[in-house]
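Next up: just one chain, as structure tokens, the form predicted on its own.
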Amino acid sequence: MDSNFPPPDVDLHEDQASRAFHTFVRGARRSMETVVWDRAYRDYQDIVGGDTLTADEALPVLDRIPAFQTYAWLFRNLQRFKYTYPDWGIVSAAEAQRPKLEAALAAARERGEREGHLRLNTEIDYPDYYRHVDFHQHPGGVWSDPLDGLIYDVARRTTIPAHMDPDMIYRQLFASLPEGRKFERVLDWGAGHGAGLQTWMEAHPESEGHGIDLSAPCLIFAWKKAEERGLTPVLSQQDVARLDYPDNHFDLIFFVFMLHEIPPGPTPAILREVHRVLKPGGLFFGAEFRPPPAAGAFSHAMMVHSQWCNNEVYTPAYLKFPYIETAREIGFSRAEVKTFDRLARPQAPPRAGQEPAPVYAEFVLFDFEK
């Protein structure tokens, strides 16, 4: 934290035991993603040999493999432990500190609404796909508790190794934008905890920053964090399929890992609305993931199953949706989905005499121009 700004009063206090617990969970996840993953792949290869299977055909094969069963159990339960383990889980820690945290957030909400930087809609109609799924296993969803924004932020920061910059993905995303372009007015779709828009505004103080989300608790938390940094975004509670902005309003709309959270039904309406509010030549730009195309049925089946384990229930539909064709039909002049090279994941070194196990996912960039 820059010494020019006061220390945050909306964050979880972590004692030594709590830090040790989350270090253990991180380490267990790392073993899951390397040792257990590799064993599941080797056992799968021993069964299928040279047969080429589809992802649907690979799933029943994986179901018989103990290493895969272990992987699925770890994927499901390590996330549960992180959130709800007694005393040291994020939700448990937040509950113990609730009065102070709620008071700070309520004060921030009052200031944000008074100053016009925070627009909340108490009568918003949450889409069914949003209300009925606890994404990431976040208990009750990210919209139902005043502390959900804080809990969401701590959860994403404890997913990666402690020494890594949790905002790196935003920095890499923005560094991938075309050079020489000016983005005077930008919109963060799915602003969530606010880190993406904050990262943009700190790097581009000349831009007018806007952020939307369905979650009021997330937007209040995002405003509080922006306020601590001396930033003044405009955050509003809106459904991206029904925006209240005028036509041709934004130079850039960006997102990170939003498309796999949306079922196919509302996706065309979302793309039409994004197209409407973009200026001519404006960009719809964001990061997502997918199985590496060359990795075959194993990686595809592993991703689909593990995402189900983590309540990412729309991922299978996302992987099949024709985004490029739909965007072109709507009127985007250019629509590309390409490998996000800046976030390329290295392959694990192979064992002697064996092919390397495929990586879980590759990151991709959605780059659409109006």
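Everything numeric here is computed off the predicted structure, so don't read it as measured data. Quick note: we count residues from 1 along the sequence shown, nothing fancier.
This protein has a second form, the form predicted together with a small molecule, left out of what is shown; the following refers to that one.
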Pick the stretch from 91 to 99, 76 to 84, 227 to 235, 186 to 194 whose residues have a heavy atom within 4.5 Å of the small molecule in the predicted bound form. 186 to 194
Of D134, E208, D239, E202, which one comes within 4.5 Å of the small molecule in the predicted bound form, counting heavy atoms only? D239
Just one of L271, L118, V142, L283 has a heavy atom within 4.5 angstroms of the small molecule in the predicted bound form, so which one? V142
Using a 4.5 angstroms cut-off on non-hydrogen atoms, would Y129 count as touching the small molecule in the predicted bound form? yes
Quick one: is A295 in contact with the small molecule in the predicted bound form, heavy atoms, 4.5 Å cut-off? no
Report yes if any heavy atom of D213 sits within 4.5 Å of a heavy atom of the small molecule in the predicted bound form; otherwise report no. yes
Exercise: Y152 in contact with the small molecule in the predicted bound form, heavy atom 4.5 Å: yes
